[in-house]
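In the block that follows, a single chain appears as structure tokens, in the form predicted on its own.
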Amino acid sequence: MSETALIHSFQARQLWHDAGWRGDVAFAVDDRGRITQAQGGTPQYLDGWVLPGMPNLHSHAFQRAMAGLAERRGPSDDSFWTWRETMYAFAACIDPDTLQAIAAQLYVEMLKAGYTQVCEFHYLHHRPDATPYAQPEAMSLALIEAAREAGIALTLLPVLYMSGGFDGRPLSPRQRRFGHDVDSYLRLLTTLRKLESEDLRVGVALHSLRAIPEQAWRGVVEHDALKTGPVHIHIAEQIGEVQDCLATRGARPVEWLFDHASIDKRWCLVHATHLTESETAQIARSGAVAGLCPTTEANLGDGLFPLARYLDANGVIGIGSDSHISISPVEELRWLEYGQRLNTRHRNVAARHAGESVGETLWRAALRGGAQAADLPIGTLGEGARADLIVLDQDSPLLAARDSRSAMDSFLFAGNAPMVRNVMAGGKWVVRDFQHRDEARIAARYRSAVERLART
């Protein structure tokens, strides 16, 4: 490191490490926004519980602006598939400026909640009539700029979306703006990867098995572009998806995926809700991340992931806010646990051994899996990691008289009052005293954008 590099030193009253809380810990941040052992100047004292920021491994940013608009019962039984039609109609109104306004507001809300990184599963590529923008990557650039404005690390996952079902049918009119052939998709990926930086990683997203024709699959997954970096895919989210895959391909989605691709720790299998015991064990053995989005999965009526069996097999999990009907790592982890309690009629399900803390178990696991899915040096406050941290409010009544054995569980299970007081992302304070550094401007632009959407 250069002798002239600027070092910011800190002293934390309580700092979270992989093994739990440590008291009175010194650390420093260099001018690249990375944790370093070097020290410089008088340390700033952080009088609160200091944790690594949480990665958000699954986001569809534009859907934040439709939260609450799909909660009125339709003429028949509602499901994921009826919700999807509402979402398609909403997506048809989004252009790059609107997307940037929505995404920036979303990313501010994420930071204030304790997320310091987001994996953006981005399939809204073209104009509503499916013609490319003059700059084909315009929608992707809107997301990159929104993340820069907010100050959040971004793993951008442009989506390959080719067909409308397992039978290889063409994309429907509402889906066509999502679509690419393989060559145009690879051109987009190449263009975006040239923009990678300390705060931006570009990976690959395959929308789902139903969106990649069987005859194209091998050429896609064996392409050089997919041999490095993270690969994310929606899989086994809905019973209907499992049934359709069985009917057309003779296998369940996860079963078919493992038979037709080399799944390893670079992969993130989003949802993976409907699994057999053997599929659960197979994902765990592979080292892939199970990307769980409990609030969205509950909102859409997806079902419950087999958490206990998967954790017992040493499986890797991470969390995402997906459709953004909630933006809170606390709520995702709380409902991940609560769903298991309702399903099994037992308590403290995620803690697999006597004496273990549910909160610590879940936070630690989601940090690990989120960092793996994002392919960024995050999720820890160790040497060389991105300086992403959150400081809990030392004045919160909900943390009164809590010690290192109870602080994390109180953070996750004591209520809904905001406890994230300060947030550092990439070595910069982006939230101080519960306020984002550019909150008012970004919120005003967001309100204007959604008001325009309401008139369309």
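Start at 1 and count along the sequence shown; that's the residue number. These figures come from a predicted structure and were not determined experimentally.
From this point on, the text means the form predicted in complex with a small molecule, which you will not see here.
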Please pick out the stretch from 294-302, 326-334, 183-191, 367-375 that is in contact with the small molecule in the predicted complex, where contact means heavy atoms within 4.5 Å. 294-302
Looking in the predicted complex, is the small molecule within 4.5 angstroms of a heavy atom from every one of Tyr338, Arg347 and Phe411? no
Closest heavy atom of Glu360 to the small molecule in the predicted complex, within 4.5 Å or not? no
4.5 angstroms heavy atom contact with the small molecule in the predicted complex for Glu237: yes
Proximity of Arg210 to the small molecule in the predicted complex, heavy atoms at 4.5 Å: yes
Residue contact check: His232 to the small molecule in the predicted complex, 4.5 Å heavy atom: no
The one option of Trp217, Phe258, Tyr310, Phe80 with any heavy atom within 4.5 Å of the small molecule in the predicted complex is Phe80
Looking at Arg148, Arg176, Arg84, Arg201 here, can you tell me which has any non-hydrogen atom within 4.5 angstroms of the small molecule in the predicted complex? Arg84
